[in-house]
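Have a look below at one chain only, the form predicted alone, in structure tokens format.
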Amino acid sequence: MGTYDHLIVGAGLYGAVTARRLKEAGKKVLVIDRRSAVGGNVYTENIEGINVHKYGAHIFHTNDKEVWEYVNRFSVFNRFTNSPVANYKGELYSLPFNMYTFNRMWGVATPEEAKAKIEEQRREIDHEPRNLEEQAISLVGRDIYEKLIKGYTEKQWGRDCKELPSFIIRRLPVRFTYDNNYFNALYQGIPIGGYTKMVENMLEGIDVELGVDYLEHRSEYEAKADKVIYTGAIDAYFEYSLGNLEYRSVRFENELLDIPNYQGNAAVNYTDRETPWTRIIEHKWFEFGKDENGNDIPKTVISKEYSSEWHIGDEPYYPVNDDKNAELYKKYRALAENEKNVMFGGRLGEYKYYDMDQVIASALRSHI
């Protein structure tokens, strides 16, 4: 018998929510993480009064009332609404595609005019789309595809749109209203004070060890607990014995600037192919440019995001959800089901692209 009932590998959202559930059920829990701070990829670091999203922008949004009420136990959320801007060679467009976008693109002013323009261009594809390019054109027409989809997508995936499967964008959000709210979600916002504080609140009263690589000290940590909940990469757990699953990774270039306002918006996507970064995040606007005391922040922090191929040792971000990787994951899943007293969960453990609310819902409703 170990010292703990459960060992949780990973202090991200899945691990933290699961740890809190077990703690409230009277279990003794140990959480470990190879990083030096809790929060996983939602980790925020306070720089000059700005809560910087160190692993990319995270905007909480959900239609799940249970999940929304749960996260509000651990943080007060502000009223941030995601309204990104697309920059195509200096031309600025609203995202998601809406009447502001169509007016900027074609000069149209009514939904009927916009629908007619899109319908006219969609006719270019008169067969079942064979790749992402054809799928996009069949949904929104060539003009929007060329300016707002093609370059961004090719940078994000590192492949020509003609080489990408059509299912990646089976749907594209098109709104014939002047509504700039990117997420069609009932609840939305950013935790005041940052995500790290929220996760720390979830883990209050629970033993946490940081800077620990579970895979390097597996036998030592397995001996401490009766059961293990593993939220790391499933293929890494099995030492890539069947080959490695594929991911896209992201590199960030962060700059602290001695100006109050760099781009006037939290997120600006660069949709041309020539600009090397996919987007620039200006973190202060997630909390309206104010510090925790409500004062205007005189400086700003920006992050340029560069998408890249993932290699073992890099940080995995987005699963490559094609048929080849789906088949390989099934094989690893079969191995996982044979592991005694080990449960796999979360984005990496399940090789699944999860939004934050989906991760939390999975953790809340899993059988532990």
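By rigid core we mean the largest C-alpha set that fits within 1.5 Å across both forms. Position 1 is the first residue in the sequence shown; the rest follow in order. Since we're looking at a predicted model, the values are computed, not measured.
One more form of this protein, predicted in complex with a small molecule, exists but is not displayed; see below.
When contacts are judged by a 4.5 Å heavy atom cut-off, residue 127 does not count as touching the small molecule in the model of the complex. Taking non-hydrogen atoms only, residue 210 never approaches the small molecule to within 4.5 angstroms in the model of the complex. In the model of the complex, at least one heavy atom of residue 182 sits within 4.5 Å of the small molecule.
Proximity of residue 285 to the small molecule in the model of the complex: non-hydrogen atoms within 4.5 Å are absent; the residue sits far from the partner.
Highlighted residues 42, 80 and 290: none comes within 4.5 Å of the small molecule in the model of the complex, counting any heavy atom. Just one of 280, 118, 99, 169 comes within 4.5 Å of the small molecule in the model of the complex, counting any heavy atom, and that one is 169.
Of the listed positions (148, 202, 114, 140), a single one reaches within 4.5 angstroms of the small molecule by any non-hydrogen atom in the model of the complex, namely 148. Residues with any non-hydrogen atom within 4.5 angstroms of the small molecule in the model of the complex fall in just one of 235-243, 148-156, 119-127, 190-198: 148-156. Put the two forms on the same core and the Cα of residue 132 is off by 2 Å or more between this form and the one not shown. With the core held fixed, the Cα of residue 168 is displaced between this form and the one not shown by 2 Å or more. In the model of the complex, the CA atoms of residue 168 and residue 183 draw together by 3 angstroms or more relative to this form.
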